[in-house]
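Only one chain is included here, represented as structure tokens and corresponding to the form predicted alone.
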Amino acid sequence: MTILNADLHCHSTVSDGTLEPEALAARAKANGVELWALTDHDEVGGQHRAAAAARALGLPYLSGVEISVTFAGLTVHIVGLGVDPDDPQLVAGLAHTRGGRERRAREMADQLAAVGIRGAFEGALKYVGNPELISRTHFARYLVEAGVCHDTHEVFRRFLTDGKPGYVEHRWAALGDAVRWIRDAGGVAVIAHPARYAHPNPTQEYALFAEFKAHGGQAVEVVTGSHSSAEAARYADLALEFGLAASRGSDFHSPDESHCDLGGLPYLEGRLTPVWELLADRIVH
């Protein structure tokens, strides 16, 4: 396998990160990243900027996106790597997926107002500008700014998650649609940070992997900012069991919020097939 300090999952101001695509490229380069991808939520609007910045720095680049999917009642994220960001079907699918965010955000704000936190929609919107891209992360930043919580981690302990004030379920794209958009746009579909999904039992997790594979999904994030070493080992085993390549990405959002910086991950195990070996012809140098 080709051993690389690849970071194939992070977010810019185009979705819910705090750094512009150009600043992320510079940070990745400075941190020793050897192959980088920007994967904003349900949006490819930063791709040309990211690719141009990476090219100027001599940093190999893969285009990317992270698509929100509803699977068996859970929100699951599917990363697409090596996609054509101008593919009409992908762009249209992402626009449809984003469409429900503003309505959901207003419902979240109503719930927060009911427990005494007013102005949350407008406060969250300051951090994103576009209601189509508003997310829980933007609400979390506002609740910190407003002094309701000390940091965004406290926000998610007290609010915005299932059973807490401000949580509103949203139906995202179907798994098969997300994988098809990615594949038809020339990319490889990747299950993002699988340990983060609250599957009620192992059978449901197997169902996710099996259906993902049946739709043409080709990889899974094994090493990521939210995985422990034990979880990385578990998903390495599942990658081999399902014949999936392995991806690696920090899921970096912000210097002030993220546990793992760009380029700061352990390397993939040698027994795995790195996802970039499936994408050699899609890397921009």
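Note that residue numbering begins at 1 and tracks the sequence as displayed. Just so it is clear, the model here is predicted, and its values are computed rather than measured.
Just so you know, the form predicted together with a small molecule exists too; it's not on screen, but the next bit is about it.
The small molecule in the predicted bound form is not approached by residue 215, whose heavy atoms all lie more than 4.5 angstroms from it. The closest non-hydrogen atom of residue 97 lies beyond 4.5 Å of the small molecule in the predicted bound form. At a distance threshold of 4.5 angstroms between non-hydrogen atoms, residue 135 is in contact with the small molecule in the predicted bound form. Although the partner is absent here, residue 183 sits far enough away that none of its heavy atoms falls within 4.5 Å of the small molecule in the predicted bound form. Each of 104, 153 and 253 is positioned with at least one heavy atom within 4.5 Å of the small molecule in the predicted bound form. Only one of the listed residues (49, 29, 41, 227) places a non-hydrogen atom within 4.5 angstroms of the small molecule in the predicted bound form, and that residue is 41.
Screening 121 to 129, 153 to 161, 207 to 215, 80 to 88 for residues having heavy atoms within 4.5 Å of the small molecule in the predicted bound form returns a single hit, 153 to 161.
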